[in-house]
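Only one chain is shown below, in structure tokens, and it's the form predicted alone.
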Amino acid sequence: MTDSMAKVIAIANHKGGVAKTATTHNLGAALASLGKRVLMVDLDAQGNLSQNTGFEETDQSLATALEGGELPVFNIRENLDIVPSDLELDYADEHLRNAGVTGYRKLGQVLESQKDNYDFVLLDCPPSVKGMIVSNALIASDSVLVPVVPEKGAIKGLAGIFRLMEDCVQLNDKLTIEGIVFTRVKGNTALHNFYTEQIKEEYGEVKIFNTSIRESISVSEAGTMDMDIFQHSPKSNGAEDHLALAKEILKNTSDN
């Protein structure tokens, strides 16, 4: 990453319920608190990230830009902005599909004008690999951060996103795996270690972050109150973990 060009990270997993949105929101807030300029992009038509940051309804959303309009960027707090989303994104998905090969690059094109304004762009992906939106996200990204809950079925959820990555490399040969981060981790370290080793066996050299995001009611509460974890509960485990993840990502970025 240069001083003038954002690193674009897609937060993605084929499996739902792995805290993609919470990870995007709180990682973005953590990076912002460390002085980095961050743009979060809500790529889910359900608009959970948008709602969790106070955008219940808006006349301007990501769909506007994907269909040829301006990219709507709203400030949340210092160093932290968002491009919100809503149900119109489902129609934009169809629009992209009808555009052929150029439809796969549309998100990257609309983000290009903003990349000089940020250090990081975080893409909150929907829990699916079938639509055009996730493909657009991976083709627009430098790397993919994969949240995983250490439980039965974790590896099955990873398979879909890694297969899609292999397909998208044809249109984005710089795409790499940022790493796997375990989320919603309960106190059972033996179970956590079991799934960590299972994933290492299955995926070999894929990086697994040293930081794990512990299960925390404060994280859930923050989202429902239109806050990030640092605004809601700055001394909680959730705040500590997301800050540690941000620092680990910064170190990895500076090392590469």
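Fair warning: this is a prediction, and the values are worked out from it, not measured in the lab. In case it trips you up, residue 1 is the first one in the sequence shown, and so on.
Although not depicted, the form predicted together with a small molecule is the subject of the following passage.
Contact annotation: the small molecule lies within 4.5 Å of heavy atoms from the stretch 217 to 225 in the predicted complex, the single such stretch among 58 to 66, 30 to 38, 217 to 225, 200 to 208. Heavy atoms of Gly17 reach within 4.5 Å of the small molecule in the predicted complex, making it an interface residue. In the predicted complex, Thr196 stays away from the small molecule, with no heavy atom inside 4.5 Å. Residue contact with the small molecule in the predicted complex: Gln46 places a heavy atom within 4.5 Å of it. Interface membership of Ala10, defined by any non-hydrogen atom within 4.5 Å of the small molecule in the predicted complex, is ruled out.
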